[in-house]
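Okay, so we've got the same protein chain twice, two forms, each given alone as structure tokens, structure 1 and structure 2.
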Structure 1
């Protein structure tokens, strides 16, 4: 029965089979050519997209490296902003980034260790860890200007720290925190279960296992995360305007002393159309791009290696 019904179904198509083979049919050939053409056009469009996207990057890099290199001079690199030099801003940026790193690293690394090692023990720690992960995602998506306002109201005004390196550094460290937490957790989770089991079998306590085995093994990944977060904090401007202020002189203390930084120079001097101001802005853009690209790309290469293992 079945065989017969199949034959019935084939019946009407019999005449089609007698026709030319598909690749001899001009309509099929035409459609094939069209499809090939569409394919080539899409390839052309994607190449165009790449060119359009890379053009601004190359323009930015060339322009700032060229004009920045032209602006390099000893007085500009060693003088104070007062005499159109960048020395105080370079020192200030380094101070702010080091302060924020010193605050963010212990907090972020310990937080990451908690999420990776202690969060799966009971239901309550699972919920808590989920909340921490969620809020740290929220924190990394939060516009930094909001933290600047909060820092201004709380640290600068209420705590009485004034516009200062400490206020700026603390706000930057909060911005860095989610990145450090996340990369720490991920790197620790990468440590193979076999090694953990071996450590436990040898009688190691949890603390010994984490401190002597997991943490050292995860260290390269953790360092990568720290470098990435530093590259983010070095390029920040908005929150620092309201927490660090600006000064034409070298930093003079941790609180109640405004501090200069490179991004401020770009933000302010870019709008002043005199040669001196613009040269200074070009030079700081040059320095800033160099610093942050080196840090950022190092971290990204490291992260990619990390995700592959």
Structure 2
């Protein structure tokens, strides 16, 4: 009886130990607190790194917006460069972007559709598609000033176009082309395979499936790529120095007629230490940043609501 009573007395203590939860162990709690501390330190270092990277960028953007907004005036927006205005540069920039978009968008969209839908038909098509993808990657990583110099030798000198909007627009279209091709191909490939199989089962041809199903579904992504490529091309300076030149007047034609653009104003007038010149440079930067922000916001917010995939 005494042995049984001793066992009975030890029973509750042993059951308490047995019922002790694993995470109540002091060693487990210590390791948990250590991991929490390490996690907080990593988060703090990450936030600090983001602030260190973004602070100079935000400071520069704020400076351009503030100084550019202060420089806005009717004479500067409607006058020519000789009168310390930007009208001819604004018109020239819109002309260059329009020409490059007209050239790059049809070629890029058709190229992306071919790579996504028709490049796997036979071995020759696969080889050609691989070559196109390789050239697209090379163009997207090529320095823009190199393209400008090649455009100067071929378009300006050999073709006899001179420093002109057409030469500048064609070089900008070459810069835009890889981005349009890639986004078009990726957007079309995002269309679910089940929809393609359903269209094929209903008797639709490849062309009908592309025209009536895959292309409309991928249109928001394609438009996003086009808008982003336009925002990239609008900030180029180096290739236009070799192909478009600069003019203090409105464009007079597509060939053998130099054209003004906003990035040249920034490149030139920012180095002149006078109040009017610096104000013109800040205003040009303000207009370019505003236009790029509008394009990017339209691409990322507006078109996302139209997405059907």
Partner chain sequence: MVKRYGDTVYKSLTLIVAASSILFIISAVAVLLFNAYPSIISNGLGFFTSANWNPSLSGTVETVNGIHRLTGSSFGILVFIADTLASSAIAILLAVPAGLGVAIFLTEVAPRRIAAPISFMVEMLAGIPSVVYGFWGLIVLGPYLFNTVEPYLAEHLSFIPIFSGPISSPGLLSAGIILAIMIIPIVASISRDMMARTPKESREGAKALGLTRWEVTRRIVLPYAKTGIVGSIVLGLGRALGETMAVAMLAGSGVQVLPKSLYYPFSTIASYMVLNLDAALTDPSGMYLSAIMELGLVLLAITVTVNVAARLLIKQGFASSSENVVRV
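Keep in mind it's a predicted model, so treat the numbers as computed, not measured. Numbering follows the first chain given and starts at 1. The term rigid core refers to the most C-alpha atoms you can superpose between the two forms while keeping them within 1.5 Å.
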Of structures 1 and 2, select the one representing the form predicted in complex with the partner chain.
1
Distance moved by the residue 296 C-alpha between the two structures (core-aligned, Å):
3.2
